[in-house]
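In structure tokens, one chain follows: the form predicted alone.
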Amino acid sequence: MRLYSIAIILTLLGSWMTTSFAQDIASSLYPYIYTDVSTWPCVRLLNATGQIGCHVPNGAGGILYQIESQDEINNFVSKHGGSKQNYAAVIPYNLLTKLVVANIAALDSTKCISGLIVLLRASSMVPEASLSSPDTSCPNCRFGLYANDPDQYVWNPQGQGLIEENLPFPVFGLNPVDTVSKQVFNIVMRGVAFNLKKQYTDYPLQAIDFKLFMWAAIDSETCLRRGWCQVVGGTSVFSSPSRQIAADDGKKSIVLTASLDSRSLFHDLTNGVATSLSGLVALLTVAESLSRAPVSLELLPKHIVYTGFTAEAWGFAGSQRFVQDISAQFQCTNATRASVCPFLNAPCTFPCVRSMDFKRINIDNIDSLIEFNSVSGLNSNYSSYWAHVDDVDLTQSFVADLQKNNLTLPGQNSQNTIQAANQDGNQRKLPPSSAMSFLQKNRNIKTVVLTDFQKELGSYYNSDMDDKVDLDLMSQSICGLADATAKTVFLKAQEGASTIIPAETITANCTLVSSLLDCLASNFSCPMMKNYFNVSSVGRLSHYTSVFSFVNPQPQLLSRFVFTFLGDVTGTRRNNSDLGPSGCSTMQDCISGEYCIRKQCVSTMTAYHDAYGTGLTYNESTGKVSVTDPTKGTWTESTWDTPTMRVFLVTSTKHQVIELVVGVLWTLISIAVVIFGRSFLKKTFKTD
């Protein structure tokens, strides 16, 4: 009996050693079998009414299969419909946006497409003029100023609605613009070329598998209750050169605004150069131009306020949250919270806020507003800008003032002009814009939204391809617009003054425009950026909004830069030696209320502001977020397991069947050997 027990122990030990050895072999062989590649996935988002984006409940994979044209999609559908072999289609971006619903439905009908790899740059790309915006025909219109208008103008008639689709399979983007993405692109294209040479029939073939599991489902209310999603949002920035601005000081304000981020199907690839970045660059350029005015802007009869809003593509979340907060009564109770207020020296811990400066902005004191929307010049051949207004009679003189100061800078296209968008007799009112949030509270604000389009948003609106612009022409065009706007704002801010300083004293810095475009579009670690904070190894920055944390809200890199830049051009550097050295390395080197900007202690009326959908409410007592108004922004992003892609060689189905049969036979033989061995041991050691 003792020998029999020893035999069992030896058998178990051998089994464990075999398993461990097999695992070691698997780990050792993995890099020879699979090639893991970085991913840029389409992910799942949710709102009060449903879900959009991409998800795959289990791992999916298939043979790499290249499709380059509409005819090839049609041929694939007719040839492979009902096929038992799975394929991962590699297609150019234009096939995803052109006839998007029909193409996706057709590919899905074959039941053999396991996923898509979408190339944003490929030799097979059709002329860019044939591209269409992937956004809806009227983006954000259900959250805007005219949501209840029966004849609301359609600003994006060619919009495909791709980014609002709930896609039936995983979709990954591929844009070879840096070292990592170029490596992945080369691996995928080598696999495609390998299979194409074998005509997709001569096995083994190159295959790829995907993992893209999204935890959230149904809608925002459901996923928030289950804890499987996070709120889409971030931090907006507002600033004023009037450091003593107060809600009750009786002075009118001029607000200049732009969006900080953008949107596209593949969030990590979002660039938004024409859609939103152009407007942000114009705003920052105007702020810098006015900072060089021959008189302190604080002393002018009107305040100037700069605002950069986050998450505007998601139900105008940033601007609506800001307007709601500056308009509502603020009650600080400092009651007990579910989690500690994360802000050091917070002026109020319940509700937890990092600054009370937003209460110094009075919505009723806002006299006029200028928004820089899509102003790259791309949609007007870099020659014209259009001024859109809500109320023609109220704003006509404001537009005329902009046109008076529309001077052409040296070296610019002499045709660069600002025109009234309704000059053709059609009053389309405002395109989707942050300005709508202000007008929803105060319709008497003289509002102008500046764009490079008159009638339609353009094919690059919220597109993953929104980086294909001529940055030199764009820079010249934006500089001219910023110059005209800065002059106009300077004159408007002097209204009521006894002496008017000529607008010619204000000029835009075109070199700054070029630097901002280069840094924010393609190289965030540029020399100019390093003047503001320590940043390295950050190339092309994603301009996607990201998600908002209520426990520890931290501004994204772009918001941090905008805060620092505006703080620099609107603030005052300390020059009083009695307060200590004005130089600094960190904020701790400065006194309370100052910021360390460009190694100088600066006093500024610049602040962050939370940005997330106003249809969502955070309960600070419980730490829970809930949907409280489904008619407003309620966007959330699913949590997920880490998305993966890996490339490997796959054998034919016949070969796999043979391998399975051999494996089954080997298992049966092993079982027989164990049974025989047990019987042999019983007889040998004479055990019962």
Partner chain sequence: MPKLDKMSNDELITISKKMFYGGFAFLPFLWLVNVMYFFTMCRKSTAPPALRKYVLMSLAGCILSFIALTTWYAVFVNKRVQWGQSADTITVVIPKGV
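Bear in mind that the values here come from a model prediction, so they are computed numbers and not experimental data. Residue numbers count along the first chain shown, from 1.
Not pictured, yet referred to below: the form predicted together with its partner chain.
May I ask whether V37, K182 and F185 each come within 4.5 Å of its partner chain in the predicted bound form, counting any non-hydrogen atom?
No, none of V37, K182 and F185 comes within 4.5 Å of its partner chain in the predicted bound form.
Sole residue of W228, F194, Y595, F343 within 4.5 Å of its partner chain in the predicted bound form, by heavy atom
In short, W228.
Which one, W215, Y153, Y532, Y200, lies within 4.5 Å of its partner chain in the predicted bound form by heavy atoms?
After the contact test, the surviving option is W215.
If we take heavy atoms and a 4.5 Å cut-off, which stretch out of 206-214, 551-559, 318-326, 499-507 is in contact with its partner chain in the predicted bound form?
Flagged stretch: 206-214.
H55: heavy atom within 4.5 Å of its partner chain in the predicted bound form?
H55: yes, in contact with its partner chain in the predicted bound form.
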